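Taking the form predicted on its own, here's one chain by itself in structure tokens.
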């Protein structure tokens, strides 16, 4: 499994993904699930993936090869005019992989399952965030629903539901996302560190604000401890139930 979160805020975008993959309790590995492309000053894209790792890697490779060979692929992430068109391109890449490998996967009782969070900004429009499904279709984040989760999302969702605001500072949102990960890590062994974190400021057109957070990261350890203590304190201060 995996866990990825993407937030669309007034000030920009926040992305975070774990790096654990497993094919059984004794076959655990670390793979990057947060992928980026950028043309500084013009456009930036981030893609996070969950599901069948082979399918995810094939989609990422298709998108990268399209950019590397623009003569053969005039329509690619560096040439589309809008984020909607970019999301369509990612969805088409998912369908292309299904056309190539779907029948073989089904013949071997393997599932063609992948979900993705895709976001970024193209000069001339605001940042946008999408969730893309196995069929290649997608939905877009809105003011009413400013975040997406994929993978093992249920443990980290409650705090996002309670705290997320569109006017949050990116650093504040990063703290929120890491608390969501802390809750997930405590309750599910299929999600594991390190965590890849990316903050994107609107109209910056650069992806410099990235960090890989390891288990021994001082901030994450302090955050986890402080949150546990705060929850215990809040619990003890609430009046006991009487019947």
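Positions refer to the first chain, counted from 1. Quick caveat: nothing in here was measured; it's all calculated off a predicted structure.
We do not show the form predicted in complex with a further copy of the same chain, though everything after this point is about it.
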field: Contact stretch among 86-94, 100-108, 166-174, 73-81 - heavy atom within 4.5 Å of a further copy of the same chain in the model of the complex
entry: 166-174
- prompt: Of these, 206, 187, 64, 202, which has a heavy atom no more than 4.5 Å from a further copy of the same chain in the model of the complex?
  reply: 187
field: Contacting member of 191, 44, 197, 59, with respect to a further copy of the same chain in the model of the complex [4.5 Å, heavy atom]
entry: 197
message: Taking any heavy atom pair closer than or equal to 4.5 Å as contact, tell me whether residue 35 reaches a further copy of the same chain in the model of the complex.
response: no
- prompt: Does the 4.5 Å heavy atom contact test between residue 179 and a further copy of the same chain in the model of the complex come out positive?
  reply: yes
query: Taking heavy atoms and a 4.5 Å cut-off, does residue 213 contact a further copy of the same chain in the model of the complex?
result: yes
query: Does any heavy atom of residue 154 come within 4.5 Å of a heavy atom of a further copy of the same chain in the model of the complex?
result: yes
